[in-house]
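Encoded as structure tokens, the following chain is the form predicted on its own, with no partner shown.
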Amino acid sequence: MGLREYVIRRSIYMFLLIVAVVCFNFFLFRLPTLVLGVSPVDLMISEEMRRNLTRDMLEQLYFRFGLVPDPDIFDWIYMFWRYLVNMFTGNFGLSFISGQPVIDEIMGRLPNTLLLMGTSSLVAIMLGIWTGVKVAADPGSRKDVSAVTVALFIYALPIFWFGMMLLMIFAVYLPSVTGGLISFPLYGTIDTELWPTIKDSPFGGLIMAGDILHHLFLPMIALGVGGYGGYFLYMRNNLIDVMTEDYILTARAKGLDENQVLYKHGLKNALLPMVTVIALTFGFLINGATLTETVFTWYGLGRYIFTSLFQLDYPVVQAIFMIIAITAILANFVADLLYGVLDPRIKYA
């Protein structure tokens, strides 16, 4: 089977998987209604509030959130159809807590999450690949053993604990020791007190960008260092395996120096499996930031998921779950295609 047939087959699998996720997403967040007969509206309003609401007011409240009181089979079909239409038109409903459209809440936080996860992933990937190549050139050496030990230690660190340690050192301890000379924000994405004083300044945008980067530094380091260990170990092990292949022995027999063998022949082939890992990493950008954004009070989707779960804000959780699932499926699909294109040895069976 050629590449074209492989792409068609993978596209069909991807479509079927997305359909399955869409159906699962609909019923998952309606399990309380299916199993217990308790709707999200019942969780939103107290008995005292219910006594003060008329039947028309309750029906309007149910309709506002795309629900039906005491649904029968036809109501379920109607709700599922309405769910499909709304989802494919970008309408994820209204937040139970804020009453605002979920898509507006998500789009307001998405750039911050992409900024945090994009920069931290870039740091982790580049640092992991670079150090992995350096130590794989001399496996078993003291440098290799030390690097693996450090990487395993970092990989095992709870990301939330590491984030809290960074806050304690750089946002609490160092400012008090240096008299504020070295100081990082304790929380937030921007300095809300700074904006009113610079909004009319011709350099306001530049100052605000610097302030965002100032707030970004600690969570970026927490996520970047936290993800570094995995990339390092994967790159190192791949390269060590590649360096035992017959074509590496042939390259050495031709008289090529070790750097040419390592970078021209070894690294090129060892990077191929990293394509899948990196693609899947970007597929899980949103949920990967949940703990870090919560620790640093970063205004992003990760923290939004955390607070929405505790507040039982089902429309928000349902929408973000759908975005994460579809993003992961698409990332996996792109990784498969890239892997096949970059490595001509791949056979499509």
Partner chain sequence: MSETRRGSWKDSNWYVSMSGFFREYRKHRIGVFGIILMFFFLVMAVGAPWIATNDPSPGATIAPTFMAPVWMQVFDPNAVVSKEYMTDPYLADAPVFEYRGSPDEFSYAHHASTGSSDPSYVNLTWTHEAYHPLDFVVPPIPLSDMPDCRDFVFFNKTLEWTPEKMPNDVNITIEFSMTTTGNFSTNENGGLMFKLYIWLIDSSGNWKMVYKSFPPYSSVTQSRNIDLSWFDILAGWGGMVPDPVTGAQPEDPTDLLTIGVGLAPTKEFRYFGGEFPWRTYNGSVTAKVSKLSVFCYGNYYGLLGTTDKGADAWSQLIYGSRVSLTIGVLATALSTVVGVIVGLVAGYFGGKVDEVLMRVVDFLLVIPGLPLMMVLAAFLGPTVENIIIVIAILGWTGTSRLIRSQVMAEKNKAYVESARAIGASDTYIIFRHVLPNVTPILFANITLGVVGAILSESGLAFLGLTDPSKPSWGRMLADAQGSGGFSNGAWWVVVFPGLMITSLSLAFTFVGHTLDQVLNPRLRER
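Positions refer to the first chain, counted from 1. As the structure is a computational prediction, the values presented were derived from the model and not from experiment.
What comes next is about the form predicted in complex with its partner chain, which does not appear here.
Only one of the listed residues (Thr192, Thr89, Thr178, Thr149) places a non-hydrogen atom within 4.5 angstroms of its partner chain in the predicted complex, and that residue is Thr149. Taking Leu114, Val172, Leu249, Ile182 one by one, only a single residue has any non-hydrogen atom within 4.5 Å of its partner chain in the predicted complex, and it is Val172. For the three residues Ile103, Ser121 and Phe282, a heavy atom within 4.5 Å of its partner chain turns up in the predicted complex in no case. Its partner chain is not shown here, and in the predicted complex it never comes within 4.5 Å of any heavy atom of Trp298. Contact between Leu337 and its partner chain in the predicted complex is not found at the 4.5 Å heavy atom cutoff. With a 4.5 Å cutoff on heavy atoms, Asn237 counts as touching its partner chain in the predicted complex. Among residues of the shown chain, Tyr13 is one whose heavy atoms approach its partner chain to within 4.5 Å in the predicted complex. Annotated contact segment (heavy atom within 4.5 Å of its partner chain in the predicted complex): 238-246, selected among 128-136, 77-85, 259-267, 238-246. For the stretch 165-179, the set of residues having any non-hydrogen atom within 4.5 angstroms of its partner chain in the predicted complex comprises Met165, Leu167, Met168, Val172, Tyr173, in sequence order.
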